[in-house]
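Given next, in structure tokens, is a single chain: the form predicted on its own.
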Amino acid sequence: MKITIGYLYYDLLNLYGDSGNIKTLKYHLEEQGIDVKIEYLSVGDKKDFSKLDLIYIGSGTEDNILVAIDDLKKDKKELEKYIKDNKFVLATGNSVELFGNYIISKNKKTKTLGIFDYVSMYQKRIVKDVNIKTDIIDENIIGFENHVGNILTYDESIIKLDNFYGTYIIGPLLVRNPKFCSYFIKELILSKNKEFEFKEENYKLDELAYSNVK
């Protein structure tokens, strides 16, 4: 089996070690004997979403988010089709704001992709540790947030809409949450082959780090 991951705006939206999520995905997919290809895509690149099994997009400055919005707008129909076809997206940090209707700041209302029905409001900066229960796994999600946006209609630490996963948690989310990482990778693999026979996983160091933080 081969899985192709599109790393969107790897150069613009990578503030807090977000690339660690790509390294973790690659490691654990290869652990299952899967051939992994990473497509590094940025502004101006031709983006053929139909060839991707997963899109990953990380966090960036508010200015770089606007650059990403402008670039992605030309690919909106293809991206929307990709998501409606139940392909996987993982958006961490403020990149989650790209997929809603608007980003509203004090002096500006910026139209975003409008794929999902939510609005991001810029308010006082939120800087906090996260340790919160979700409906996705039976273990709390941990991490760190640092953002000025606030999605008005969702309180969850991770927004799950079909196979779209969006969160304000920054940095290596998958490294810090081994149970979520295992769940996410299994769901991705099963979307390609429901009869896949999984090999033994190795999250020993990840689990040790998680338990020490918890």
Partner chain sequence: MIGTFIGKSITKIEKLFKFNASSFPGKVVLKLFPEYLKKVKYPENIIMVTGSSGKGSTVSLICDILKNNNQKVCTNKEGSNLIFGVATAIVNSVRGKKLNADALVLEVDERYLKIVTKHIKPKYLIVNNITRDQPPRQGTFDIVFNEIAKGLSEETNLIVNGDDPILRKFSLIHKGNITYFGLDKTKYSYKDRDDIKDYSYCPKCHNKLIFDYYHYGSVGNYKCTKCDFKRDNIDYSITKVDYKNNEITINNDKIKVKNYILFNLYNIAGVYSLCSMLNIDKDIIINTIENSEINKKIFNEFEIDNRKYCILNCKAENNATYNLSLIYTAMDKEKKTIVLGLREISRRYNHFDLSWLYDIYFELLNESNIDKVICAGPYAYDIATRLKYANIKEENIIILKDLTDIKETIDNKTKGNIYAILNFDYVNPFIEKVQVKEEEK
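Positions refer to the first chain, counted from 1. Note that this is a predicted model, so its numbers are computed, not measured.
The form predicted in complex with its partner chain exists for this protein as well; it is not shown, and the discussion that follows is about that form.
Remark: S50 does not count among the residues lining its partner chain in the model of the complex, judged by a heavy atom distance of 4.5 Å or less. Although the partner is absent here, E62 sits close enough that one of its heavy atoms falls within 4.5 Å of its partner chain in the model of the complex. Contact annotation for V175: at least one heavy atom lies within 4.5 Å of its partner chain in the model of the complex. Among residues of the shown chain, K199 is not one whose heavy atoms approach its partner chain to within 4.5 Å in the model of the complex.
Contact with its partner chain in the model of the complex holds for all three of Y16, S42 and Y203, each having a heavy atom within 4.5 Å. Contact with its partner chain in the model of the complex, defined as a heavy atom within 4.5 Å, holds for exactly one of Y122, F116, F144, Y102, namely F144.
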